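Just the one chain here, laid out as structure tokens, in the form predicted on its own.
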């Protein structure tokens, strides 16, 4: 009807799981058999012929139903809102979601609820970018600095970054933005790959995939470490031999170590020239990261994929605890909070190298790094986006890698929309794949216990490993 205000009419949720544990894809010292999963959300509207908004939180299997329930708990904040208003100012919805005091009690601003907020907020940004006819990175890069500052929650940040300082950073970042946009569209954004380095891969597979990565143009790879030092020494030797001396090699402990152990282990691997050590200890241990950084230099310290919010990122930067900030598109409260982290990193002059992989994380985070390059930091020096080569085929606008670089997306949106047939096939437990796979649907703790799976000390039994393979 003429003059009718289009509104959000539904927040649909899906529990989508992929059986990645069967090939040990994604395996590391803390997560030996992950099934990469997405708590997926679709914002539907009554705008005739208008787009939907898509977003998700990434998990690794059991527990995805908890994440889906958390997203569902937010729907009353979203349904009924004006589409035009929410897309013109996603920050208002972000603040309303974070400010729900009864739900906030479950965090505050961390964990399952905060990731649910991120999924909903990211879906709004996807909707906004589609309505604007732009990929999200371009929507952000071409936005007025004053508007972007208004999207950021500066509570608990002003001792490190004020709105005025953020505005200055963004105004400076616009200088030369047109030229950088052209370079980005022509050459893309540098990537590194973790695909060779999963802990469950044997030496032959590691060698083959590492050599392929170099041939494909990647100038950095990453290996998972942390389960057994002798094994890590052997695997790093194999990887270094495969890629040669001129390709960077990072290592990732996935929070496995105490501080002293992290220092000892990293020093033992130093002969192989690791560029950074990632998540060497608990993501909440700011002072521990600072101590490790002092002790293992010149090896750099990187963390961020499990850092829960902008405040912990602030403290890591204030304490000189990290050399590399690793944002995650689905861990914190969506685009708005990641804007705060990017501004903090720019304020402290620390490069951002995002965490990706998972389900759709590559698709999302490329937009944030490309915005950072075009309109904030203005550089890709010592900056790379993680790339993992699986599950992209399930997305309507998957990432494209050429010569070790992410190709800049041109389709409107946040690249978050999954293929309807993938949603139908992998929704748990009733999707076509899981319904036809009785072994796979036995995914409760009780079923795993009956199968002889030991989950003590984070280790799976030989029965579970055999089934996963």
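A quick note: this is a predicted structure, and the numbers were derived from the prediction, not measured. Numbering follows the first chain given and starts at 1.
What comes next is about the form predicted in complex with another copy of the chain, which does not appear here.
When you look in the predicted complex, the only residue of 315, 181, 377, 207 with a non-hydrogen atom within 4.5 Å of another copy of the chain is 315.
Note on contacts: among 396, 297, 185, 106, the single residue with a heavy atom within 4.5 Å of another copy of the chain in the predicted complex is 106. Among residues of the shown chain, residue 159 is one whose heavy atoms approach another copy of the chain to within 4.5 Å in the predicted complex.
Although the partner is absent here, residue 232 sits far enough away that none of its heavy atoms falls within 4.5 Å of another copy of the chain in the predicted complex.
When another copy of the chain is considered in the predicted complex, residue 202 lies well away from it, no heavy atom lying within 4.5 Å. Contact annotation for residue 31: at least one heavy atom lies within 4.5 Å of another copy of the chain in the predicted complex. Within 4.5 Å of another copy of the chain in the predicted complex, a heavy atom is found for none of 120, 366 and 421. Listed stretches are 193-201, 300-308, 86-94, 165-173; the contact stretch with another copy of the chain in the predicted complex is 300-308, by a heavy atom cutoff of 4.5 Å.
Using a 4.5 Å cut-off on any heavy atom, the residues of 63-83 that reach another copy of the chain in the predicted complex are, in sequence order, 63, 65, 66, 67, 69, 70, 73, 76.
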